[in-house]
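Shown below, as structure tokens, is a lone chain in the form predicted alone; questions about how it binds or moves come after it.
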């Protein structure tokens, strides 16, 4: 027998900060027969998907859908709007902000990364100050991560927009929404974002494979004179084909069928209700973490992420040992620490399609995993979460933030 593995009975708890569990309705939509991507049925699908995803971004502007991971949409955002040697201002909030910076350097840009501590959000004032110093206007874009998936820290995008405006600087604002889209309140037009990057495998409840660029008119204008090489990622070709209901190359047809269904589910619940559900789950999880006696990686109460909680282990305690116990004894996957947080934190995802019962099951299984791994902690985390969800315990300041 090749690759023999002992079967773990029962449903697997996929409690990563993404990919998330795909609902049955979405799976059934993906499993429908593949249709002709040059025919009228697909044209209707394209129109519905594009209209629906604009509503999720809360924009009246263009949204482009790529058959790629979020990394592809990172690259698309940069190559369409910028030219070789352009300076790009970025802010270090964690692992994914540094990866975006690395990508920018690889494609011929000159990124400047404002250092951060991986525990607090973007400092909008620091961005504004750096832009005021840029008298020559070399900086062409400001790139920030909305929800840093490695740390569980959410940043205030409206504040970043105000900082740019108050500095009187013409730089584009580009944001990474990969783990916040459809999970955390986001207002593309209202907040004046020029390019937003999204992915399918988190709040949108789809498997990996689709990514997005939501665009402002200013970004589209910049793309007309940008000189970085682009072909597969070209906004102009995509928009021209989309206007006719099609794509310039073979799209991810079945994932688009799933996207249409996922958007319908989000609309049935209502985006505000979706966001409130995520905040409530996050508050319950943090109540449990506090009862266990641990810190969260995020130390700014107002910046706690609604979609994941990164739990810091005491010095000398392996976070990966807790994750291994969760998998082996509870059939549950928790997220690992990334970069400088390797083996120092484990990450509990609470995003996508979930209920209070799933949140409580995750917390109970995590508490059991701590015990199985021999990690010293206070018991009662599950009871603390129940008390919060049932209103017996009030949320603490910042617990329902973001």
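Residue numbers count along the first chain shown, from 1. Remember, predicted model here, so these are calculated numbers, not experimental data.
Below, we refer to the form predicted in complex with another copy of the chain, which is not included among the displayed structures.
Each of 10, 19 and 102 places at least one heavy atom within 4.5 Å of another copy of the chain in the predicted complex. Comment: another copy of the chain is not present in this chain, but in the predicted complex one of 201, 155, 297, 97 has a heavy atom within 4.5 Å of it, namely 201.
Proximity to another copy of the chain in the predicted complex, defined as a heavy atom within 4.5 Å, singles out one entry of 253, 159, 114, 271, which is 253. Only one listed stretch (212-220, 182-190, 275-283, 311-319) carries heavy atoms within 4.5 Å of another copy of the chain in the predicted complex, and that stretch is 275-283. In the predicted complex, another copy of the chain sits within 4.5 Å of a heavy atom of residue 67.
With a 4.5 Å cutoff on heavy atoms, residue 345 does not count as touching another copy of the chain in the predicted complex; it lies far away. Of the heavy atoms in residue 237, some are within 4.5 Å of another copy of the chain in the predicted complex. Proximity of residue 75 to another copy of the chain in the predicted complex: non-hydrogen atoms within 4.5 Å are present. Along 344-362, these residues reach a heavy atom to within 4.5 Å of another copy of the chain in the predicted complex: 347, 353, 354, 355, 356, 357, 358, 360, 361.
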